[in-house]
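Shown here is one chain on its own, the form predicted alone, set out as structure tokens.
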């Protein structure tokens, strides 16, 4: 069965896109025999920019280069829009492929165009169904909001992973996200909370307090934390995941631990 993992948090700056990039790439590296699809439904298109370049994600629309925008609106089949990206490898290992369903800045207008669509909240799910059996994992990078695009992602997902950065406000915001997840479950009973992921952790008292509060609130659903590391941001600027950029870093090791935990929970 395909595991469809939505990375969601309505607050920006939580490491959501960073998590989507490194989780998808890490899962593809974990077992190259199992295909992984990364779906970018964030109109900021940062995930797409890392793997396909800034001009593709934020420049003028390229002729013959459709994106998830056309897929969600039913104008294109997902299979015809997916890009296969070869991930850099360290050493002489066989090439590793990650499939990407890309985004573009103009996806922002899809929220308005979906308002009057029939079964508007199921558009992404219906579009992905024909390709799901190709993949062991599908990772969806959601927008930093709880609008129709995020609801579409949650309706398509079997699991939701929630990245949380240190502080009081992110914890307060979890309540709204949990209410949204509970509402979506009425129509998508498959949806489960995979876990809460502490991100951008440093050695401050605020970070320690946040992690303790998350541990108290979520217990076994708390996932291994991701530290705040310059190398992770540098990897994205270089158009790479952290494993290609600096496989020996503690940032890469943290994501490896996260991936092992997610695989084991499946």
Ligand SMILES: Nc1ncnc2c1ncn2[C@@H]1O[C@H](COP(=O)(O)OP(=O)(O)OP(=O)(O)O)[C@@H](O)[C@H]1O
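Residue numbers count along the first chain shown, from 1. Given the structure is predicted, the values throughout are model-derived calculations rather than measurements.
Absent from the display: the form predicted in complex with this ligand. The rest refers to it.
Interface residue among 226, 36, 41, 52 relative to this ligand in the predicted complex, by the heavy atom within 4.5 Å criterion: 226.
Shown alone here, residue 200 lies within 4.5 Å of this ligand in the predicted complex, counting heavy atoms only. In the predicted complex, this ligand sits beyond 4.5 Å of every heavy atom of residue 219. Put simply, residue 236 is close to this ligand in the predicted complex: some heavy atom of it is within 4.5 Å. Contact annotation for residue 57: none of its heavy atoms lies within 4.5 Å of this ligand in the predicted complex.
Residue 144 is the only member of 143-158 with a non-hydrogen atom no more than 4.5 angstroms from this ligand in the predicted complex.
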